[in-house]
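The chain below stands alone and is given in structure tokens; this is the form predicted on its own.
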Amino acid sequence: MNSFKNLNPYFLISYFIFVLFISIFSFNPIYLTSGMLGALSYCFLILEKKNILKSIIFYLLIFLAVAVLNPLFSHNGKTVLFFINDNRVTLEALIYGAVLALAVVEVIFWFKCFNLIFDSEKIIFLFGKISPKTALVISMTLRFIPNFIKTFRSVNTSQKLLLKNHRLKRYLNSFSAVITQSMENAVITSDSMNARGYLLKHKTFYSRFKFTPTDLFLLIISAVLFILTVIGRTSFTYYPEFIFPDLSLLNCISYFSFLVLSFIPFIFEIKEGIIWKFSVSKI
């Protein structure tokens, strides 16, 4: 089930711009927590639970590493917790490190969602007319990592029969073979697209994407929520003392707007799932 993926690419790219703009430029733990919950909820619907749990464990280690390392290198703040080799560890640095770690993990999850939704066809549809070369490079980059991992596993499995007791050599041979194959595929793809007239100025594009009333409705809703979030946006003070800003009605509207904005993919998938089950029950 991935109905959100089938929406128009213009809406999808606009949605990710809205979400990532707030996530990157608003260093606010409330926004970051809302964005994290939205991205996680969507991933739980789309991906297998085992893959999600493995990802959560990996990102949890990243979170802990960033959160712990920041107070060890940054000694700003007035609330001293303890000393390590005459270097003070402050509460403010610890809180800032936790928020920084949350921001990093949240952005990674949103890009994970982006990778689940956007394929090469959507990238070329969005940027093919504006900058064909850039569109081709981006689409090839998005395909590179999953194809590289898949091919590496396949080659490494075949190498086990030849180099059963030489693990390091097996991995090096597999890595070298996959890198060579990837470079050859990149050159072949570039020559093939050039031979088909991809860089011609007056070429025509076939597109199966249509801008429907649903896309327009979701785009308007997302834009309104984004504007409300930006208007009421507030920032936290971390140094020299952590200060939680006073809540106002505008701030609460902003927080709620970004929470709803973050959960739009999840809500849309749930709605489509209910419609599908209702349609099946009538058969």
Partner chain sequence: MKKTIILILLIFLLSSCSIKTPDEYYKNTDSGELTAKISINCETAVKYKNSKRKKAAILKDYKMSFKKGDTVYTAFKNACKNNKIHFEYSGSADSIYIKGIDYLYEFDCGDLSGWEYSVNGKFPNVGCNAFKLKNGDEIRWLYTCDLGADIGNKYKE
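Residue numbers count along the first chain shown, from 1. All values reported here derive from a predicted model rather than from experimental measurement.
The following text describes the form predicted in complex with its partner chain, which does not appear among the structures shown.
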{"property": "Touches its partner chain in the predicted bound form: Pro240 (any heavy atom, 4.5 Å)", "result": "yes"}
{"property": "Interface membership of Phe211, its partner chain in the predicted bound form, 4.5 Å heavy atom rule", "result": "no"}
{"property": "Its partner chain contact in the predicted bound form: Asn87, any heavy atom under 4.5 Å", "result": "yes"}
{"property": "Lys160: touches its partner chain in the predicted bound form, heavy atom cutoff 4.5 angstroms", "result": "no"}
{"property": "Partner contacts for 75-100, taking its partner chain in the predicted bound form and a 4.5 Å heavy atom cut-off", "result": "His75, Asn76, Gly77, Lys78, Val80, Leu81, Phe82, Phe83, Ile84, Asn85, Asp86, Asn87, Arg88"}
